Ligand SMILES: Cc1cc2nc3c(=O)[nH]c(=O)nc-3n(C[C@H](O)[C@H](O)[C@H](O)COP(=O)(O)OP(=O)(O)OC[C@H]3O[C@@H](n4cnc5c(N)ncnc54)[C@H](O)[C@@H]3O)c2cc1C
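Below, in C-alpha cells: the form predicted on its own, a single chain.
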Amino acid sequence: MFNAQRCLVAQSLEEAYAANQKRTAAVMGGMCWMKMGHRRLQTIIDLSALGLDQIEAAADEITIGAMVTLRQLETSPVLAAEFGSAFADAVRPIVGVQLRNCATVGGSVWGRFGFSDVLTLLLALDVEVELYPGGRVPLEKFVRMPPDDQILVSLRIRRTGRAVAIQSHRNSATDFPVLAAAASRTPAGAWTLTVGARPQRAMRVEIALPAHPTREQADAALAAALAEVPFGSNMRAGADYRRHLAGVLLRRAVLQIEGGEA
C-alpha cells in the first residue's frame, strides 16, 4: 500500500497539472493498481470533480472521459450502438463487477499495461488520447511514449464505421489474459489487427484481405502479419504457444466480423 500526506480534489485541469509537476505527486484513477505499490507520496490528485466520467457521442467522434469506469464501457448504449458487443467483450473477463466499477479507462490507458484488454481493443480503432497541456496524440504513438507529468483528459474515437471484434484466452476465469487479440475493418475493407498480452503491451499491424475471405486466405494473411509481431514467455505461457494462439484468436475475430456478428 502506498502512503500519501494529502489528497487534492482538483477543481481544474490547470490545478491538477500544476500539482503533478512534483515527483512526490501522482494522479489517482480507480486506484486498483496504485494501491498495490509502495510509494511514499506527498499528494495524490483526484480528478473526480472535473466531469471526466462521461461517454458522449458527436457527429464525428465519441469522447470517453478519463474517469469513465470499465463498467461504464461494458454497459454504455453509445458504445454498443457504434461497436456492438466489442467493449463489453473486452472488459467482461476482467475480475468482476466490483473491480470494473472502480477501475478507470484513464488508468488502464495511462498505465500502458502489457496485459490490458482495453488497450488491445482501443488500438484496433481510430483513437486519439487528449492530454493536458499537450493536446491530442494518436493512441499508437502514445503507448510508445514514456510516462510524463501531463494529465490524461479523454479518449477520442473517430466514428469511421469500423466493425471490430476482440477475443482473449485465460488460463482461468478472471485471471490476466494469456493473449488478447482484436481485429477491425473499415467500410472500405482495410483491416487492422492488434495483439496484446504478448506479454508486452499491445501492438498494431495492418493487413490486406479480399472481400469475404476464405479461411485459407485469412490464415495466409494472418501468418504474414504475425511474422512482424514479437512474442515472449512468462509464467502463463511460452512464446510459441502465444504465437499459435494469436493466429487462432485473430482468425475468430476476423470471421466474427465477416459473419456480421461484430
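Position 1 is the first residue in the sequence shown; the rest follow in order. All values derive from a computational prediction rather than experimental measurement.
Separately, the form predicted in complex with the ligand exists; it is not shown, and the next lines address it.
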Report whether the minimum heavy atom distance between Leu139 and the ligand in the predicted complex is within 4.5 Å.
-> no
Check whether Leu155 has any heavy atom within 4.5 Å of a heavy atom of the ligand in the predicted complex, and answer yes or no.
-> no
His169 near the ligand in the predicted complex, any heavy atom under 4.5 Å?
-> no
Would Val27 sit within 4.5 Å of the ligand in the predicted complex, counting heavy atoms only?
-> yes
Just give me the single entry in Ala163, Leu99, Val143, Ala88 that has a non-hydrogen atom within 4.5 angstroms of the ligand in the predicted complex.
-> Leu99
Has each of Leu79, Ala124 and Asp219 got a heavy atom lying within 4.5 angstroms of the ligand in the predicted complex?
-> no
For the chain shown here without its partner, which stretch in 155 to 163, 185 to 193, 80 to 88, 113 to 121 has non-hydrogen atoms within 4.5 angstroms of the ligand in the predicted complex?
-> 113 to 121
Of the residues spanning 129 to 162, the ones with some heavy atom within 4.5 Å of the ligand in the predicted complex are Gln150, Ile151, Leu152
